[in-house]
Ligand code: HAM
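So this first bit is one chain, no partners, the form predicted on its own, shown in structure tokens.
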């Protein structure tokens, strides 16, 4: 091979150097703390699934245009997972007689979608998935929305920073039928156009609805729904189950004083075909990042794809790591102290044997102090300092034969350029040292 290999990752994917991993592990850690505190349990599934799994319910655009798929050596048509919901539905169906419903599960897998890369959207991404199975009433919808709000609040976000926009697919279909007299397939096609409403010019939006047989008067009636309150919209189809679900949901949100985060929005559809009830999207309110960050909704029929006559309802949402990271930085929600935790390098001298340094390192670790023994040549102290600065250490520990004999070490603060002598005793008791570094 004559040409050198590129050092760049595949388009739409990222390299995670240690600094990026620290950030990602931090916000995933916050997420896990919130969810585990609410009794959600973590699961995972395979990266590869049958393409049929997505073709059946995810929708044509995702299954056929955005999924990486291939034939394996056994002539099976496989896909690299573009989303997690079909997988978790399959897993629930496989053991539905052994599981205790309602289930509250979450996962943070990586996924792949072959789509145009842009801000907040890559081809490889990690996505938090939160799902509740086995609760047929709006209470599960409420808990999912409440959980989404709690997650963002856990990072310090408030109602000025994001808005949860809520609709209901059952209500949407009933309202569209009342206006257009279309059948189920007609409503589905109209929903695809409305789902793209804010992504295409107005004339394209009107043209596509006209091509589906809608008159200008019908388009105007649909437009009127976009500015209505949930009560005004529900009054148009008072017998609609979806309308009653919306009213119950918003009544509960008001009772919990969470309505300040939430609005009704008839334009929220969620493009995937499996949604059947409540749907919602969480929008970043910052002008420079004003977009839908993540969303989800109710899907009552997915488990039935695997087990005949199975009736296990589901509701959930997915939140991508890229949009979350953009949100956190846009609103300055990454703590200033992030990445500045004490990190100690134990420098080495030739008059102290290596085993003594590693014994000290183990005792420091037992005290909760992040540390490492310098692994290079112990002859040049200046080289050890240069390494410590470049590798992001905050402190140096200096212990030559003189300090060891006196039962003491010297701690150099690299930022403050100060030096403190700490007694550790003949048995290298590190309690005082730990107190110094954590202060």
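All values reported here derive from a predicted model rather than from experimental measurement. Numbering follows the first chain given and starts at 1.
Keep in mind that the form predicted together with the named molecule is missing from the display, and what follows is about it.
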property	result
Selected contact from 105, 266, 155, 274, since only one has a non-hydrogen atom within 4.5 angstroms of the named molecule in the predicted bound form	274
The unique member of 149, 214, 346, 293 whose heavy atoms fall within 4.5 Å of the named molecule in the predicted bound form	293
Segment assignment from 350 to 358, 107 to 115, 325 to 333, 168 to 176: heavy atom within 4.5 Å of the named molecule in the predicted bound form	107 to 115
Triplet 138, 145 and 300 all within 4.5 Å of the named molecule in the predicted bound form via a heavy atom	no
Residue 191 within 4.5 Å of the named molecule in the predicted bound form, heavy atoms	no
Heavy atom of residue 129 within 4.5 Å of the named molecule in the predicted bound form	yes
4.5 Å heavy atom contact, residue 318 and the named molecule in the predicted bound form	yes
The named molecule contact at residue 245 in the predicted bound form, heavy atom, 4.5 Å	no
